[in-house]
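Only one chain is included here, represented as structure tokens and corresponding to the form predicted on its own.
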């Protein structure tokens, strides 16, 4: 018998010119910036997977503890036998940990890093040979639109980790409205990182081993390939800190000395100490997360936290 293979729908084929335009516009902005979506090339995806293994990075293991302790309650709220759509699936491990409880009829893994996704799905299909598994390569950060090939609703959209924190609150509401529509009458299972001691947050995004620094600085290699720029990774250091007023972690790349970065058709001068903004990660309270979901039009919600109230998992009905 021929082994079942996961299906791949590769919709992540942005025009190179559009990517170059986006990157150049960000670098030439008054406060230079690079979208965090560019963090996740194949190496970046592997580095992020390594970050989740660090003692300093609490979100992954804390969320996993909620999954383990509350799996039955999660399934009771969200239902079983659904089409499970995993947004930003990565190595698919988080969703797979919920398979025994949710018993999905179909699993759809969505990620921008297509090559990494293919490797993950091959292994997942080996472990679950009877499951209908589909990979969808796409950038859903600007618009979440699921193709009809993934099957009809209702769907349970799964958005774990603190990924919703990468959006500003206004942009998060807009994204969650799209998620509600994409669920086709199903629901959303989503993780929110909660406000906590600044020292805990700072260490999570600037670990002692420098893995997060490598993840952030690898972004310059991506820009060099996509834009034809001449960034030297050694010229920049990783900076991450919690801005309490904005309730967000900020990540930056800081120039170690005065320098000029060039690419075909443009250049950017940076003074020593000047920063390129690469990522935000907003932190929420339970009430704040609930208000965000309500503003996006979701109805009934259930939520679970760990014993220390560091992380919350919400289910919201569409």
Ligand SMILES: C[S@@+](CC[C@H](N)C(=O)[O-])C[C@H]1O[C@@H](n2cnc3c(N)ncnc32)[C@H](O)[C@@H]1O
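In this text, all values refer to a predicted model and were calculated from it rather than measured experimentally. Numbering follows the first chain given and starts at 1.
Form predicted in complex with this ligand: not shown, discussed below.
Though this ligand is absent from this view, in the predicted complex it lies within 4.5 Å of a heavy atom of just one residue from 204, 78, 113, 133, which is 113. None of 140, 231, 242, 236 but one reaches within 4.5 angstroms of this ligand in the predicted complex through a heavy atom, and that residue is 140. Residue contact check for residue 37: one or more of its heavy atoms lie within 4.5 Å of this ligand in the predicted complex.
Looking at residue 48, you'd find a heavy atom of it within 4.5 angstroms of this ligand in the predicted complex. Although the partner is absent here, residue 153 is not a contact residue: none of its heavy atoms lies within 4.5 angstroms of this ligand in the predicted complex. Contact annotation: residue 109 falls outside 4.5 Å of this ligand in the predicted complex, judged by heavy atom distances. Looking at 123-131, 190-198, 97-105, 157-165, the stretch with residues near this ligand in the predicted complex, meaning non-hydrogen atoms within 4.5 angstroms, turns out to be 157-165.
In the predicted complex, the residues of 76-101 lying within 4.5 Å of this ligand by at least one heavy atom are, in order, 88, 89, 90, 94.
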